[in-house]
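The data below hold one chain only, encoded as structure tokens and taken in the form predicted on its own.
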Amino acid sequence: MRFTMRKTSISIILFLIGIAMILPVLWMVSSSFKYESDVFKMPMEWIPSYFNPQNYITAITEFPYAAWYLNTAKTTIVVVFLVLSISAMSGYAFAKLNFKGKDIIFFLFISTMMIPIQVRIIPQFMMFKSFGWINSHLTVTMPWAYNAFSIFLMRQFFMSIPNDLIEASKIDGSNAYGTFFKVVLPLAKPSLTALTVLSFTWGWNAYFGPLIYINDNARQLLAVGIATFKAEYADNFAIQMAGATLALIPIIIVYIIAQRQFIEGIALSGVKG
């Protein structure tokens, strides 16, 4: 009886927290269909009395929204590929291969998670400038070739795979590459799916990097582009919410498709939060 009451109380608390987290998103979507005079109308109308799709038309036609969308989609695909491929191989190496200095190198990898991007932005800028990458999408994608968190996530999963399975593969005549691609990697599908969702979100929401490195408005990414809405339409929240809603759609679609395996992958990797 006590256990049931405790479980019910936790469920109610989690439900209320979930409602509190989703309310701003619902307000954003609702406001995107309103006339500006109705956005802050009290009492609040969650379902607009008069729908105004013109906000979306203005957001798309008054700004190079299509170019921003395409740029963001291209860079996000590259980010996902870099994160998945390099993190999977690096995580497997740190978990199952034996080489000199492995623990020290891994410690150095993990310690970089404590260094904020603001600290390394100046040396990174100087390095990209020497490469001739400024105002290029390489400045947005290449930093993701090394991501300590995703490597740590994959290492945690590969640590859970029995060594006997890998030894059995070697006895059957498989080399290190065959063992990784044919035996180990298929087992990592839930963790790879979780990492796909995370890296898609990182790439799609990239803001600080594009803001620093990309100057051409036509090459800009969506997150920075939407920020220009505020400059152009500071007194029109409805148009700003329309732009933000359009930007949110791909992330919601990806999460809905991969929701089940995303949760499973996080649980198997032993990383929460």
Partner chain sequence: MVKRNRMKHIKENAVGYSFILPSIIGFGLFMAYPLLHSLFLSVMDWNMFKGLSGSTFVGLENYKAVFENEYFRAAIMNNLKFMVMAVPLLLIISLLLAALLNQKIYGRGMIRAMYFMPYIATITAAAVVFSALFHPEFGPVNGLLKLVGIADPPGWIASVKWALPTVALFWIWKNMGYCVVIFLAGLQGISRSYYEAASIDGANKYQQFRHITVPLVSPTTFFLAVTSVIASFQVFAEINVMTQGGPGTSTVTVVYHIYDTAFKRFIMGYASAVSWVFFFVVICITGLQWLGQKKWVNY
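Positions refer to the first chain, counted from 1. Since this is a predicted model, take the numbers as computed values, not measurements.
Although it is not shown, the form predicted together with its partner chain is what the next lines describe.
request  = Could you tell me which one of Met159, Ala73, Ala168, Met127 places a heavy atom within 4.5 Å of its partner chain in the model of the complex?
outcome  = Checked against the cut-off, the match is Met127.
query = Non-hydrogen atoms within 4.5 angstroms of its partner chain in the model of the complex: do Gln54, Ala66 and Val78 all have one?
reply = Result no, not one residue of the spot touches its partner chain.
query = Would Lys189 sit within 4.5 Å of its partner chain in the model of the complex, counting heavy atoms only?
reply = Contact check for Lys189: no, nothing within 4.5 Å of its partner chain in the model of the complex.
ask   = Is there a heavy atom of Met241 no more than 4.5 Å from a heavy atom of its partner chain in the model of the complex?
value = Result yes; Met241 sits at the interface with its partner chain in the model of the complex.
query = With the partner left out of view, is Leu195 within 4.5 angstroms of its partner chain in the model of the complex by any non-hydrogen atom?
reply = No, no contact at 4.5 Å.
query = For Ile60, is any heavy atom within 4.5 Å of its partner chain in the model of the complex, or not?
reply = The answer is no: Ile60 has no heavy atom within 4.5 Å of its partner chain.
request  = Can you tell me which bits of 7-34 touch its partner chain in the model of the complex, meaning any heavy atom within 4.5 Å?
outcome  = Heavy-atom contacts to its partner chain in the model of the complex: Lys7, Thr8, Ile10, Ser11, Leu14, Phe15, Ile17, Gly18, Ile19, Met21, Ile22, Pro24, Val25, Trp27, Met28.
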